[in-house]
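Listed next as structure tokens is one chain, alone, in the form predicted on its own.
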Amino acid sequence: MYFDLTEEQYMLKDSIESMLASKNEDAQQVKKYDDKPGLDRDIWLALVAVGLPMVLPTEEQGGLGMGLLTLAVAAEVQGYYAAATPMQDHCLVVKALADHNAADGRLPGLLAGEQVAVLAWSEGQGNWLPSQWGLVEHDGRLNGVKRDVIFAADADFFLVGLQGQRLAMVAKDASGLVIEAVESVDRTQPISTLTFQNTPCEILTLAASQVGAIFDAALILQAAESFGLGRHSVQISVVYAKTREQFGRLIGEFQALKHQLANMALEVEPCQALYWYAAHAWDAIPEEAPRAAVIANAHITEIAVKTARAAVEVHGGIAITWEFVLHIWLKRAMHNKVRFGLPAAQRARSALLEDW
């Protein structure tokens, strides 16, 4: 069986690559990293302009119905350039809201990118899975805490995970909501803690299976982005090996380094097919999607960190200095590895799905 992207998916990928290549060059990225962490509005508007928030909702819901694989390909490119936006989160909130009510009055602003929405799922101590959510809604009010919420300061809405595998929408200006920024190693995805104090919310009318599908989609998009991070680490290392001289020779001529670069590439490149299949399963083989999602996320997020660390070694350690860009990808890969649950937790879920 021949499996590849469609012409439209390649065109979308090329369009995003061209845009991000001009807006996130190394010098630009270092300068942005020096600034206060937050949403890169310029990139956000450019991603909105190519229609990413409209990819998942069906045409009947006012979207494009292009499927998760299309969005995952876009996520890969965003990972490659370490774009500072919550576009993947936003697209999943849009999908959840569209499934809840395609006529919801908040959808036009979210589809147009005029407002930003992010996920608020973690409750700390690795509790990311829908079955682990403990926040309880009582009479339309929330009291509790959600952690590791990216771009909370820039968001207008939060999709909050509740006990019983339910989801609720909370507006940023809701009474009793406190947003506290948390210092993080990854400045491309600033995080905050949300505290709900009798905060009003709206419960979405989604079945547990729909909530599970949204969570699986998050795992797949995180895997796709992590593949982009890993691929960038390999390619920046190859370029460095071709230009850096030591003892009068290019370091790329040393056999040990050739082997290291080859091993990095051999571990990263097969990951593309892994996330492609997971996204395809989400679109077309729903019974396969949960297993494919956890396997892709566990493996690729782990490989991304491993490859970024190997890239630091290729660069002789300079890659962890603030002025050199590679540390940005290492830190983002580390964050991606823990967000939505560590690889060990994903593999444990995979075992449960297989009734081991």
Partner chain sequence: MDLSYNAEYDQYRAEVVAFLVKNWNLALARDETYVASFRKNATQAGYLYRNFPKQYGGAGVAPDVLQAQIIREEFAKVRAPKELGGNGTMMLAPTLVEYGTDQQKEKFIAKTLSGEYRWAQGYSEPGAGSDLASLKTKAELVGDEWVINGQKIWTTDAQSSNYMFALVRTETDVASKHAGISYLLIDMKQPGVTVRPLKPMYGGHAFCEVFLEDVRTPADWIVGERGEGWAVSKSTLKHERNSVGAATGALDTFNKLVKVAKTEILDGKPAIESPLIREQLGVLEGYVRAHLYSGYYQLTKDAQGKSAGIISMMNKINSSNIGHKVAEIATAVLEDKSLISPVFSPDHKPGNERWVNQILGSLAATIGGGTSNIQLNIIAERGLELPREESKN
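Numbering follows the first chain given and starts at 1. Given the structure is predicted, the values throughout are model-derived calculations rather than measurements.
Beyond the structure shown, there is the form predicted together with the partner chain, which is absent from this document and is the topic of what follows.
Only one of the listed residues (50, 318, 39, 30) places a non-hydrogen atom within 4.5 angstroms of the partner chain in the predicted complex, and that residue is 318.
Proximity to the partner chain in the predicted complex, taken as a non-hydrogen atom within 4.5 angstroms, holds for one residue of 141, 244, 172, 100, which is 244. Taking non-hydrogen atoms only, residue 284 never approaches the partner chain to within 4.5 angstroms in the predicted complex. The shortest heavy atom separation between residue 105 and the partner chain in the predicted complex exceeds 4.5 Å.
Within 4.5 Å of any heavy atom of the partner chain in the predicted complex lies no heavy atom of residue 200.
Contact annotation for residue 323: at least one heavy atom lies within 4.5 Å of the partner chain in the predicted complex.
The candidate stretches are 254-262, 112-120, 159-167, 133-141, and the one lying within 4.5 Å of the partner chain in the predicted complex by heavy atoms is 254-262. Of all the residues from 26-40, the single one having a non-hydrogen atom no more than 4.5 Å from the partner chain in the predicted complex is 34.
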